[in-house]
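First, one chain by itself in structure tokens, the form predicted on its own.
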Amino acid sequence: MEVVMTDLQQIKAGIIGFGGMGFHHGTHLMALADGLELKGVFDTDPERMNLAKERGFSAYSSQEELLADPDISFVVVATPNDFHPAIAEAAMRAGKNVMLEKPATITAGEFEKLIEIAEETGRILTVHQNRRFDSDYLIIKEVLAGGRLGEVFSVHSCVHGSNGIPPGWRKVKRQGGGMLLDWGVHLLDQLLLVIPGKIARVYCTMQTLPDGSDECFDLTLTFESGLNAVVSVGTKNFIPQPRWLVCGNLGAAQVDGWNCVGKVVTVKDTEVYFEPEIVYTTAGPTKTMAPRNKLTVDEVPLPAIRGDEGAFYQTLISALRGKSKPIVDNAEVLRVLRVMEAARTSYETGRAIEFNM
């Protein structure tokens, strides 16, 4: 029988996988959420179980014990990626609503099966796409919505660092390791929310570790509109590119780093023409690539928008209470997974993949 919760009832949650992200959910994110309470956790690592007890949470002796607890109606799955499908299925069949850490699954086929099980069991299945609330993304979303850049023809979304991939399963391909599934899933999720229309082609290059997991990649999406979007992730880049660079026929916007320093530059009047100066490089003159006359453009700071990390959980609580749908639609998740599969195929074959989705 379907249980309808009132606003006064606390939603009792369990976490399976109390590593880095599981710990973050339990000790930080849920603390920001009004109406959600973490009852207990399960992890195969005894040290993580001891840590859970120290934090005052129940430490279940097994996954099955946690899923059998009638108090728990919501389960967060924060294990290595290859364990997600089996745990999510077991949780939904035990009557629990489920949120998966990203990526939801390694393959699109695995996630399609989970969607079918969610429909069969009547449970909520959603994915933790928390970077929909990052300030840099929200700023670019507003800039694009404002239309000041004119017809946008190029979007670059880059995350670069120089520390390499952290040790552990994130370096193991069969467990869903690699930057495409780690950071690419976030950046693609953001891009596909702000760029309308179908993707026509997918082309990807990678630098991989010996087992085939990618530590750097450059992924180009060509949309049917002609717009090109580039997602670039690197773990050995000592000079990062801008976090975002968006170009249109009337201007451009740039966001640098997580502190969101940047600007929006737009033309003042497309009917007024100023002859550009000639710039002399060491090998000769150029007028085409000379700096634009400052009298022809307006330069303004980026919109002041600050993301709220706890906002994701507030939207989720509303969905768990039956007041709204989850903010992350499973069709959106599935599309991103299919783009990533096409990207992998492109790298392996060395050619662009026709996509039409």
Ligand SMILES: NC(=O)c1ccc[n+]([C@@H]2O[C@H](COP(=O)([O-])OP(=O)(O)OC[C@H]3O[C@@H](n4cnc5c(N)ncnc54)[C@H](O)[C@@H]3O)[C@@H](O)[C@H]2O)c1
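Residue positions are given as counts along the sequence shown, with the first one as 1. All values derive from a computational prediction rather than experimental measurement.
Beyond what is shown, the protein has a form predicted in complex with this ligand; the following relates to that form.
*Asks:* How about Tyr60 - does it come within 4.5 Å of this ligand in the predicted complex, if we only consider non-hydrogen atoms?
*Replies:* Heavy-atom contact with this ligand at 4.5 Å: absent for Tyr60.
*Asks:* Using 4.5 Å between non-hydrogen atoms, is Gly251 touching this ligand in the predicted complex?
*Replies:* Contact with this ligand, no.
*Asks:* Would Lys39 show up as a contact with this ligand in the predicted complex if we use heavy atoms at 4.5 Å?
*Replies:* Judged by the heavy-atom cut-off of 4.5 Å, Lys39 is well away from this ligand in the predicted complex.
*Asks:* Given that this ligand is not shown alongside this chain, does Pro103 nevertheless sit within 4.5 Å of it in the predicted complex, heavy atom to heavy atom?
*Replies:* Close contact exists here: in the predicted complex, Pro103 approaches this ligand to within 4.5 Å, heavy atoms only.
*Asks:* Of 241-249, 182-190, 135-143, 118-126, which is the one stretch near this ligand in the predicted complex, taking non-hydrogen atoms within 4.5 angstroms as near?
*Replies:* Looking at the partner contacts, the answer comes out as 182-190.
*Asks:* Check each of Tyr203, Trp169, Phe153, Phe223 and return the one that places a heavy atom within 4.5 angstroms of this ligand in the predicted complex.
*Replies:* Contact residue from the list: Trp169.
*Asks:* Let me know the one among Ser213, Asn97, Ser232, Asn130 whose heavy atoms come within 4.5 Å of this ligand in the predicted complex, would you?
*Replies:* For this set of options, the contacting one is Asn130.
*Asks:* Would Phe18, Ala78 and Ile87 all count as contacting this ligand in the predicted complex, using a 4.5 Å heavy atom cut-off?
*Replies:* Yes: Phe18, Ala78 and Ile87 each sit within 4.5 Å of this ligand in the predicted complex.
*Asks:* Within 31-47, which residues come within 4.5 Å of this ligand in the predicted complex, counting heavy atoms only?
*Replies:* Phe42, Asp43, Thr44, Asp45 sit within 4.5 Å of the partner.
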